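A single chain, nothing else alongside it, follows as structure tokens in the form predicted on its own.
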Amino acid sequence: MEYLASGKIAVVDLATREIIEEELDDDLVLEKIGGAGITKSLYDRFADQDPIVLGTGLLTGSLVPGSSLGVITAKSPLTGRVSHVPLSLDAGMELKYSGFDYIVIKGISEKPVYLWIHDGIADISDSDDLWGQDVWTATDRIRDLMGDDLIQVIGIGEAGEKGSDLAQISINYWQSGDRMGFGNLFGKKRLKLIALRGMGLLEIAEPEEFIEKCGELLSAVKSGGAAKIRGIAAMAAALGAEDIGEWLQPLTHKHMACFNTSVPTNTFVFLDEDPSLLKETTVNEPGVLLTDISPLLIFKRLGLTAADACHVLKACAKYGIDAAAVAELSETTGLTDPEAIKGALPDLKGPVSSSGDAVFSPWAAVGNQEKEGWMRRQAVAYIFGIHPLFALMAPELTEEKLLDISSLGTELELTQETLDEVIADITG
């Protein structure tokens, strides 16, 4: 694969510590396009070894608006189904530029390890000094070890190490869209984290026309309804959920977007610092980045103040447990004291409904969205590498335009018929 890709797949065997590199060939892209289409194909190929497959969409890391998404595909310990969870923020982009488009992780390591994926090189290293550390400490340590604060870290906390089905993979310090318990899978393989960094470049088959089309798409998005959305509260309201803007506003410091996504879907709140501060804070751990709408909605419904809810979310982020599941179980058991909720984290168990009944994480499903249309839109987002929330809010990114711009970028003839077949495969 020459264009819009690094052209390599890494197959990592944690049991033997062997890493095999394979070529990403055009035929696979012509048949499965990319993203979840190919991660599902690779999962099926290695299914008897219970793999975890990371990948990027065909357009991830490009100039196409919203092209931030990577994907992890594995069998959910919560649903028993092969499922897909999003890699947002800068993690998907960093994977794209790391030198590998897809990473298959199979086998179980004898002792805790981490993967270091960078500039076309994949290494397995012992992680004895990281195991047992919370998500925030482990992120700091791996960045200090590598001497690079821009490294993107996909890892687990104590919840994953201890085998909780509610364990979540984290992105750097923050909660991810993992509602499927994939943190549990990392823990079972004794994989503490994956560190990603890359300085790669993407070649484009028809660069001038590709860039022109990207500019047209961006202009269309900026003229659409999504252009006015700023932050997680506005995103919740736009998707038909309760308006939590007034409740959250006193803590709001700034809104943050994922890579090349023109709508900032995340909000950073200050808990131990003045939210109106304009200069860089000197306070260690001043607050938390809010990346998931659902737990906020539930904790508000339970009567928690925004500050108490965000302190609970901070504890969930450090422990590496799905905050949506924590909120749901708190509501089920009538637990409304924030300290009691935090104290209960190590003992929480499912079942929970927060994992949903679809193959895509319901992280991007709130409000009264029609299910069939939501499923297809998520499938398109996960195949091409478009932020799943942004994809819902930006109808300007039509399937026809994404196929057209993908063909320009790759010089491959990608058709609507192929897209329909891939969607049927990954949603069936």
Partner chain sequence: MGLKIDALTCTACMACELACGYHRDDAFALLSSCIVPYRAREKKNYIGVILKEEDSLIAARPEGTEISRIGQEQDPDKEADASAKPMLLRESCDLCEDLDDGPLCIRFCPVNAISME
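Note that the structure is a prediction, hence the values are computed from the model and not measured. Positions refer to the first chain, counted from 1.
Here the subject shifts to the form predicted together with its partner chain, a form of this protein not shown in this document.
J.: Would 94, 211 and 256 all count as contacting its partner chain in the predicted bound form, using a 4.5 Å heavy atom cut-off?
T.: Yes: 94, 211 and 256 each sit within 4.5 Å of its partner chain in the predicted bound form.
J.: According to a 4.5 angstroms non-hydrogen atom cut-off, is residue 305 in contact with its partner chain in the predicted bound form?
T.: No, residue 305 is distant from the partner.
J.: Even though its partner chain is not shown here, does residue 260 get within 4.5 Å of it in the predicted bound form, heavy atoms only?
T.: Yes.
J.: Is residue 133 close to its partner chain in the predicted bound form, meaning a heavy atom pair under 4.5 Å apart or at it?
T.: The answer is no: residue 133 has no heavy atom within 4.5 Å of its partner chain.
J.: Counting only non-hydrogen atoms and a 4.5 angstroms cut-off, does residue 336 reach its partner chain in the predicted bound form?
T.: Taking the distances in the predicted bound form, the answer for residue 336 is no, it never comes within 4.5 Å of its partner chain.
J.: Within 4.5 Å of its partner chain in the predicted bound form, heavy atoms considered, which of 28, 63, 375, 403?
T.: So the residue touching its partner chain in the predicted bound form, by this definition, is 63.
J.: Which one, 197, 106, 75, 190, lies within 4.5 Å of its partner chain in the predicted bound form by heavy atoms?
T.: Of 197, 106, 75, 190, the residue with a heavy atom within 4.5 Å of its partner chain in the predicted bound form is 197.
J.: Given a 4.5 Å cut-off on heavy atoms, tell me which of 78-86, 322-330, 353-361, 272-280 is the interface stretch with its partner chain in the predicted bound form.
T.: This holds for exactly one stretch, 272-280.
J.: In sequence order, which positions of 385-405 have a non-hydrogen atom within 4.5 Å of its partner chain in the predicted bound form?
T.: The stretch does not touch the partner at all.
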